[in-house]
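Only one chain comes next, encoded as structure tokens, the form predicted alone.
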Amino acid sequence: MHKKLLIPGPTEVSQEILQEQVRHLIGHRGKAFSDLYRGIKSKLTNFFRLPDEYNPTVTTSSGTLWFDIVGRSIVKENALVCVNGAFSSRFAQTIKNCGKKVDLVEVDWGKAVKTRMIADKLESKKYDTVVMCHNESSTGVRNPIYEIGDFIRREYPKIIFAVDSVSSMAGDKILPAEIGCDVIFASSQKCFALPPGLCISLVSDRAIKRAVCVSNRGSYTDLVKIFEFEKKHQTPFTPNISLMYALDKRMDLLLKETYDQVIGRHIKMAKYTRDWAKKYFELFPEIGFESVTLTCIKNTRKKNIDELIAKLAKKGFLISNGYGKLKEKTFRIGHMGEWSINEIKKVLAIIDDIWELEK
């Protein structure tokens, strides 16, 4: 039996989207692909309301590739990386592995990184790049990127602001021009409700100009090369054409639903799930900084989470245990992609029955 996915990713993919991938392949250096890719980029531009100084690009990769792209093509010497969970920690380590100097703004898991913390660091030392994870899916924390981006642009306009929105773009409000970020990226298997394998990135002209000045950019991680090929509506290396078909269809569906309704639907699912969690348990994230696309719940009743997951799977649904050191201490329910409020209510009602929470 297929188990419908309410984990932090991959999320559920509809048959309509899966069917797009059985179309015949085309050459990635021909007009047909360039037309397809031009259309995808136009739809991304419209959906995310990108002004002329922002450029969409799609790489055949997981989102983690962009940790390396930031490390190899964006950071010149010194990066300030905000760490409040597993994936932001991985981002920091990747930049170190690229041979760049890294300082941390680090807070406990479950806490958010605040603007004043970054301000204190920027006052004490010179950095060329600030890096942050918007939606830390290991903890369910949503960092205040709009406030932080506004501060950096006003006070430190030469700094490049790079954001991992792997698990929030297309589910939470992500408008790069309003954030003031220069690089922001997401994976296809999260809120875009596609299979894994693509990374959608929105990049400013400032970031591309920065990359020109950075040496040893690598090959697959060379941002300059990526955007040289963008001029021809192509990719430097062979793309996953089948997933491009799926992304093209997904963008049609997102545009039809409209940006505001997509975000509103995710907010409704998040609010219902949080209210349920607060009724029976506690939320793990700091108050006021909860994710819109997944809810991380503190296991205050000391329930057996693995046992719940197994029983829920028999009902046709899959949720996640806590990540890493939070296993059994928390559990996570994803509400991203094509899910609706009624479906979320159904799943939470099943958990009520399994754990007899109403008794």
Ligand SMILES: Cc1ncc(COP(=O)(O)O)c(C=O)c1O
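A quick note: this is a predicted structure, and the numbers were derived from the prediction, not measured. Residue numbers here begin at 1 and follow the sequence given.
As for the form predicted in complex with the named molecule, it is not shown, yet the points below apply to it.
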| property | result |
| --- | --- |
| Site test, R142, Y146 and S291 vs the named molecule in the predicted complex, non-hydrogen atom cutoff 4.5 Å | no |
| Interface segment, criterion being heavy atoms within 4.5 Å of the named molecule in the predicted complex, picked from 162-170, 101-109, 239-247, 204-212 | 162-170 |
| F151 within 4.5 Å of the named molecule in the predicted complex, heavy atoms | no |
| Residue contact check: F67 to the named molecule in the predicted complex, 4.5 Å heavy atom | yes |
| Exercise: S137 in contact with the named molecule in the predicted complex, heavy atom 4.5 Å | yes |
| Residue contact check: Q189 to the named molecule in the predicted complex, 4.5 Å heavy atom | yes |
| Residue among T45, S34, S62, N321 with a heavy atom within 4.5 Å of the named molecule in the predicted complex | S62 |
| Candidate from W276, F284, F87, Y127 lying within 4.5 Å of the named molecule in the predicted complex - any heavy atom | F87 |
